[in-house]
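Quick setup: one chain, the form predicted on its own, written in structure tokens, and binding and motion questions come after.
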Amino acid sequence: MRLAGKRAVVTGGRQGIGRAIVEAFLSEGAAVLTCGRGAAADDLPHGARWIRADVSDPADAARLIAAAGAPDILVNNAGVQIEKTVTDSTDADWEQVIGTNCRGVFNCCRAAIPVMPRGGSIINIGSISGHVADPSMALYNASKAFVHGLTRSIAVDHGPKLRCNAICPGWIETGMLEAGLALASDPARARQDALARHPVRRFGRPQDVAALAVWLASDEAGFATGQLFTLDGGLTAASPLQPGLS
């Protein structure tokens, strides 16, 4: 029960990584408020509270944080991915991706920081795509680089009152992974190639990210701030030349 007595806000907790973090926080004793643009899922984990909110709207973000009281933990997980290059991207694509992935994180942090108790923890979900560019993901890649920079700034500007870190997942088994593979001319072959490039020989699972989020939210991580924690099964550690692929 590493999070017993703590209040947590997790954005985008309906499915995928956000859902796994909600479940993990509840199992560790936290009181969890989560949100999304639509209605709560029918199978929302028992004990979690839901509020309908669009984090790209500053008023909604402020309302979300106010509903949590003074949260000890904020996880900015809500995110959008669009598979397009710069020249293919429209103004509407910009508003959707940057609005959620950048403005949404900023809005929630700006609302939460003044009311968070001393010792609070902000966890932003970045991506290895903020370090290395996935093809045809121009806005998504750029948005995650923004999240990484904002994470460092918050840690520097608002310590020692609170800590701020980012988790940078690699290929995690969610709808975003499938959308990325679908860009390939042969998705099945692309999947096998991608798996071979992971030293652990599997893709990540939402629960892998949730486990790291629990640690970062807990007092055990009291000396960790301003860091970008890559969680990619070793994908970005390796040379592009892999045995068996030549």
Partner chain sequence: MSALSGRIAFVTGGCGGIGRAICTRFAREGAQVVAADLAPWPDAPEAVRVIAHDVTSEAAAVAAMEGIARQWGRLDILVNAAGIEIEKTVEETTLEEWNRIFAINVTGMFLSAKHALPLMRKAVTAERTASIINFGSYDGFIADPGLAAYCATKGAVHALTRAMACDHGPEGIRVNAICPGYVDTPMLQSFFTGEGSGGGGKTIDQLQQAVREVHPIRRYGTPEDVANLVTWLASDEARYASGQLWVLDGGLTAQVQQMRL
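Quantities reported herein were computed from a predicted structural model and do not represent experimental measurements. Positions refer to the first chain, counted from 1.
If you look for the form predicted in complex with the partner chain, you will not find it shown, but the lines that follow are about it.
A residue is said to contact a partner when one of its heavy atoms sits within 4.5 Å of a partner heavy atom; G16 fails this definition for the partner chain in the model of the complex, lying far away. By the criterion of a heavy atom within 4.5 Å, D60 is excluded from the residues contacting the partner chain in the model of the complex. Put simply, K84 is far from the partner chain in the model of the complex: not one heavy atom of it is within 4.5 Å. Of the heavy atoms in E220, some are within 4.5 Å of the partner chain in the model of the complex. Only one segment in the set 135 to 143, 70 to 78, 168 to 176, 100 to 108 has residues whose heavy atoms sit within 4.5 Å of the partner chain in the model of the complex; it is 168 to 176. Contacts with the partner chain in the model of the complex, taken as any heavy atom within 4.5 Å, map within 183 to 205 to H198, P199, V200, R201, R202, F203, G204, R205.
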